[in-house]
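Take a look at this single chain, the form predicted alone, given in structure tokens.
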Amino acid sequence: MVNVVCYEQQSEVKKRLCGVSQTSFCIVEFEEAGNLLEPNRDATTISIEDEDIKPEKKRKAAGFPPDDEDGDPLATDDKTELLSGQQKSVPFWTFEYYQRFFDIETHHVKERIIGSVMPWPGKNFIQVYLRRNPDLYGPFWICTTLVFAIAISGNLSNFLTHLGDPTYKYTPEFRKVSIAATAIFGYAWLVPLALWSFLLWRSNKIMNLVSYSFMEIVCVYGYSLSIYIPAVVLWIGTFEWLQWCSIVVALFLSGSVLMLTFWPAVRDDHPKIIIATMSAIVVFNILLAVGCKAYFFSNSERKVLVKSAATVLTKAPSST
């Protein structure tokens, strides 16, 4: 005799036969099974599935992707190397080496830009924002944006300087783009290279010094230039005091990021080395800002126009 217990969806427990609708499921209890378990009520029953069911079906039911035993052997080798910790490293002169530095989420770039323009005492930019994961995406586009901002703002400033002069004919100076690119990218790569070499040499001399990788230093210098982009836009105006105020603010914020980041790397060194290193970081930062201001936004032409206009006005009465 077969006892049938059926559980229907969204209804109370009822007893029906197995031939009910498809929305219900039945649990069939055989009387033979009860007789078998009669001697030992505490016995544990085990459900043995059909041997023809493949393990792939079990993985699909559990939510795991099926195993690709016949898949790409290269992918299998990569997984094996990754799991064993023996993944092959590519040379630094190949494209694949730098490709991983451009694999970064947008919100991470946003956080690093905000952190570079809002330095806070006790916060190391590398430890707080990079976390041993430097990128080149942000520094590259920051430098590129700054190059075009300097070139465009310089041309606009030159146009506003000669505004109202009937003898002046505006011609765009495209050479400023190449000069600005050389200055900005040279600063963003050569200065970090020199600093990295120096810190590496000092870390070999003193073992307890904090060491940074070259890419981490490049990343810090790249993001530290982000504050100069809005400052350069303010240089378009003809107000000299506004230009110098923006330079001072940009120098303070950018220099603070660099000082707070590299201070742990030299604080245990000799005092003379500390002073020389920190001074060099600040001096190169000042040279970049003041140099760009003096070359691309020089007021020498404006002064020449004022002097020539004053000369014309003084000579006019004497001729009459």
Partner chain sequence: MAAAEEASRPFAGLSDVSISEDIPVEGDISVPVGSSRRDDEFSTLDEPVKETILRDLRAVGNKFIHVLYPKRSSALLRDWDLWGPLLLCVTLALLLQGGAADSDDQGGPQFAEVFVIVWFGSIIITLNSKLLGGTISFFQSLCVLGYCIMPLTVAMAVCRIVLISGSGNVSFAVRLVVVTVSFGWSTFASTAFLADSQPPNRKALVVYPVFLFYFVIGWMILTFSPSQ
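Positions refer to the first chain, counted from 1. Everything numeric here is computed off the predicted structure, so don't read it as measured data.
There is another form of this protein, the form predicted in complex with the partner chain, and it is not shown here; the text below is about that form.
- Residue contact with the partner chain in the predicted complex: residue 205 places no heavy atom within 4.5 Å of it.
- Although the partner is absent here, residue 169 lies within 4.5 Å of the partner chain in the predicted complex, judged by heavy atoms.
- When contacts are judged by a 4.5 Å heavy atom cut-off, residue 155 counts as touching the partner chain in the predicted complex.
- Heavy atoms of residue 105 reach within 4.5 Å of the partner chain in the predicted complex, making it an interface residue.
- The partner is absent here, but in the predicted complex a heavy atom of 109, alone among 210, 181, 109, 128, sits within 4.5 Å of the partner chain.
- For the options 198, 214, 187, 148, the one in contact with the partner chain in the predicted complex, meaning a heavy atom within 4.5 Å, is 148.
- Just one listed stretch, out of 115-123, 188-196, 245-253, 138-146, contacts the partner chain in the predicted complex at the 4.5 Å heavy atom level, and that stretch is 138-146.
- Annotation for 174-205: interface residues with the partner chain in the predicted complex are 174, 175 [heavy atom within 4.5 Å].
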